[in-house]
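Listed next as structure tokens is one chain, alone, in the form predicted alone.
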Amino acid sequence: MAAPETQLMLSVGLIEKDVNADTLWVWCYPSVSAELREVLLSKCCLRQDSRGLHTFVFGQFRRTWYYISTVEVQEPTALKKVQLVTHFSIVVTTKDFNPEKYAAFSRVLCRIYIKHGSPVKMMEGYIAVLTKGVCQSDENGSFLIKDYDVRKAYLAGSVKDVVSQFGMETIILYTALMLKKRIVVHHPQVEALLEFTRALPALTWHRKDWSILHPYVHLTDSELENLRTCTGYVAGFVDPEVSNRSDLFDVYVNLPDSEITISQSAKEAMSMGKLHKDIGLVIVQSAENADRTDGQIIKDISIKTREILANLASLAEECENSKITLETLKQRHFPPATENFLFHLAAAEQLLKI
């Protein structure tokens, strides 16, 4: 029997574009809801003629992760000769975040489809992984699910690159993540968006929560409604119009211009003081050390985070029902910005008496 992680896969689907430039959802196994199907058609680049080919994109919609690999059919295979297909996308939906795992798997499925021109062989490959955790083929490549540890996926984003771009302003991102605020990131290129946004949850490593990540969102009613159900998130948009949607963010990151803006409504919760400066220095000094890997930088930040959380927990232990009140914090005579941060952090960590 396959390991439990094989049960994380939900479906495999196929989208095709033909010589008439028509893009159609042609097949899936076992099934995909009509709403998710529309989202997936908008994410695959086959409907977007002028924007070039995005060979691999990923994202999340209503707690379902999707991974889309897109291929141009070049050699005269059965696909091009008989079915007149010019491009196709393989879509894998899952319960877990692991872009490298599903990029590798969908590449194998793409090769199978190019060779056979029929979804049946692809379905066999999918079922093999679902039941045995492996899809082996000499000519189409092999895929072993156990080769892809989730921790590697968490560490694949580069915190070092984030700090290199934003320096001390990285503390704004850290604070927003710690307080479970809404971060919106804009970049016109989806690849840059995916690379940057996937790294941000690592700043709060103690949670290991990548469910907050929505790296590729369009300004459609269904996707925005999905975002609004989330307490805090990191959401990526290619549409510059998102900068005018202050209802969607507490912190706005303009990636091409390396600018971070805190919305008016979040300024009180996000006010900075000496504690933030100290954390910011830890982050920057660690990231600027050429000998330190991303994993080591995350560990340095995590040690500082755990120190803050331990102090918060010890404060909570002294309180009734282990819940902190504003009065408890005031009695400690913290600097105003530190008191404010700890109050909002206690709320985010569910240690606040309401």
Partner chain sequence: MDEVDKILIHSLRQTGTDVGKDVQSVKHFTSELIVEAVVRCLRVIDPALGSGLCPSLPPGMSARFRVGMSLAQACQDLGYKGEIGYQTFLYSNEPEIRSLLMFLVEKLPRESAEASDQPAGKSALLQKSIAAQIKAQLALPWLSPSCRLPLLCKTQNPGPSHSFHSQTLSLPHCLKVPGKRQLKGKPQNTQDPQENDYHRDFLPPVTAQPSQHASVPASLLEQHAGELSAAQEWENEWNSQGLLSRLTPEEYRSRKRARLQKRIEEQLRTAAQTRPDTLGAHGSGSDLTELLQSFGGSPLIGDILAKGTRFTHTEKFTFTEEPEKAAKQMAAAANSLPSSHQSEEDLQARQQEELASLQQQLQQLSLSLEEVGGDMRQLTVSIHQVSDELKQKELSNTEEEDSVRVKKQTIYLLPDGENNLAKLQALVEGSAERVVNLAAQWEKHRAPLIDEHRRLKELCSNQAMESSRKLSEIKELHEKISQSAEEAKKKEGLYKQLITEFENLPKDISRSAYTARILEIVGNIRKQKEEITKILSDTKELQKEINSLTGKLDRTFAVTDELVFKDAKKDESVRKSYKYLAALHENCTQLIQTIEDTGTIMREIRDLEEQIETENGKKTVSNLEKILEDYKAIRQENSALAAKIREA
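These numbers were taken from a predicted model, which means no experiment stands behind them. Numbering follows the first chain given and starts at 1.
This next part talks about the form predicted in complex with its partner chain, which is not shown.
K.L.:
Flag this candidate site as yes only if L24, E124 and L352 all have a heavy atom within 4.5 Å of its partner chain in the predicted bound form; otherwise mark no.
P.N.:
Each of the three qualifies.
K.L.:
What is the one choice in D239, E259, E268, E191 with a heavy atom within 4.5 Å of its partner chain in the predicted bound form?
P.N.:
Selected residue: E268.
K.L.:
Just to confirm, with a 4.5 Å cut-off on non-hydrogen atoms, which of K160, K180, R198, H187 contacts its partner chain in the predicted bound form?
P.N.:
Selected residue: K180.
K.L.:
Considering non-hydrogen atoms and a 4.5 Å limit, does its partner chain approach L8 in the predicted bound form?
P.N.:
Outside the cut-off, so no.
K.L.:
Classify Q331 as contacting or not contacting its partner chain in the predicted bound form by the rule of any non-hydrogen atom within 4.5 angstroms, answering yes or no.
P.N.:
It does not: once its partner chain is placed as it appears in the predicted bound form, Q331 has no heavy atom within 4.5 Å of it.
K.L.:
Just to confirm, I308 within 4.5 Å of its partner chain in the predicted bound form by heavy atoms?
P.N.:
I308: no, not in contact with its partner chain in the predicted bound form.
K.L.:
Looking at the partner-bound form in the predicted bound form, is S142 within 4.5 Å of its partner chain by any heavy atom?
P.N.:
No, S142 is distant from the partner.
K.L.:
Looking at 149 to 157, 115 to 123, 198 to 206, 169 to 177, which one sits within 4.5 Å of its partner chain in the predicted bound form if you count heavy atoms only?
P.N.:
One stretch meets the cut-off, namely 115 to 123.
K.L.:
Pull the contact list for 330 to 354: residues with a heavy atom within 4.5 Å of its partner chain in the predicted bound form, in sequence order.
P.N.:
The stretch touches the partner through N340, F343, H344, A346, A347, A348, Q350, L351, L352, K353, I354.
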